[in-house]
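We begin with a single chain expressed as structure tokens, specifically the form predicted alone.
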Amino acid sequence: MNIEDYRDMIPDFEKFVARMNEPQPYWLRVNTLKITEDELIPRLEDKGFVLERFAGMNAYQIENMPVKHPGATVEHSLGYYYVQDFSSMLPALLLSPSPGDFVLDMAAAPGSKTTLMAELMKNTGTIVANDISDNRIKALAANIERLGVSNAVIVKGDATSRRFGAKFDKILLDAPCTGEGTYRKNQKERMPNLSDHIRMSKIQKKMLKNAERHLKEGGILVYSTCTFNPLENEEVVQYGVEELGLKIEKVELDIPHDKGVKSWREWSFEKVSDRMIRIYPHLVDTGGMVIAVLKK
């Protein structure tokens, strides 16, 4: 896939391309299950970290640091913070699980969104954190333990077909994807081609169908990917609306973003585009993320 194929789709395309060719900065969030922002941020700044807080949120861009990697500190080992791109925080924040909720995280590893949801839920209720890979589940378990999460149960299964034996108040489907939005982290990776997008779209639709099966009436489902192609985003969400009977919710987000794509090549997404959210790297200096909030 040539990035030029998105020229008519992405506003301020030249700025987008320029930012995609720059290294992605690190972001972190404070793990409020163990420590407060007021306690941790001065502690990190005393060590030599230069942190820029975004819009009063628990999201800090690391502008400078005294170590080669932000995970190389005692505070990180103690689980006081999690290194997570700001765009990656948004799906869990938009799902907004409350204390006591029964939540399914369908593709949970390595746990960035699982642990953020546990914070929002104040370690109450239950999160069923599912993944298909043994190695990824090891990373998920390690992060859950390090951050002191006590309300998550880890299960292993294929999210396209696994029966979870219950219906959930809220479901996060941060779907496996072609990962164009993470290109800034590893610019040696090849960009996916059209057949990659079509193949992933089919898998994502199966996951969404399985998610709808496990959602309570009136429940909320957030679908997200870290890729830009509409076949993995608008096309999948439109399938959820047209074929699964889900309702797409209007989302208010006071963060620089763009709406969904109305059409791309021969595909049209008019039914869902205005209610989807696209986060591009040139808007907030992050990776990329596309998000929809759906209701049963």
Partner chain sequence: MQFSKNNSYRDYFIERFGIGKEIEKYDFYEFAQSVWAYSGEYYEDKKIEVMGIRALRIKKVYKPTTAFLRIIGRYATKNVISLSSNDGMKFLKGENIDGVCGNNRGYVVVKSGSDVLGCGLCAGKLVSQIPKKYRIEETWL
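Positions refer to the first chain, counted from 1. Note that the structure is a prediction, hence the values are computed from the model and not measured.
Below: the form predicted in complex with its partner chain, not depicted.
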task = Could you tell me which stretch in 224 to 232, 243 to 251, 54 to 62, 31 to 39 has residues with non-hydrogen atoms within 4.5 Å of its partner chain in the model of the complex?
result = 31 to 39
inquiry  = Only one of Ala141, Ala107, Ile203, Leu93 gets a heavy atom within 4.5 Å of its partner chain in the model of the complex. Which one?
reply    = Ala141
message = Between Val83, Val153, Met191, Leu194, only one gets a heavy atom within 4.5 angstroms of its partner chain in the model of the complex; which residue is that?
response = Val153
query = So in the model of the complex, are Leu120, Ser161 and Lys170 all sitting within 4.5 Å of its partner chain, heavy atoms only?
reply = no
ask   = Using heavy atoms and a 4.5 Å limit, would one call Arg184 a contact residue for its partner chain in the model of the complex?
value = no
inquiry  = Can you tell me if Gly148 lies within 4.5 angstroms of its partner chain in the model of the complex, counting non-hydrogen atoms only?
reply    = yes
inquiry  = in the model of the complex, is there a heavy atom of its partner chain that lies within 4.5 Å of any heavy atom of Lys271, even though the partner is absent here?
reply    = no
query = Any of the heavy atoms of Thr126 lying within 4.5 Å of its partner chain in the model of the complex?
reply = yes
key: Stretch 68 to 93: residues contacting its partner chain in the model of the complex, 4.5 Å heavy atom cut-off   = Gly71, Ala72, Thr73, Val74, Glu75, Ser77, Leu78, Tyr80
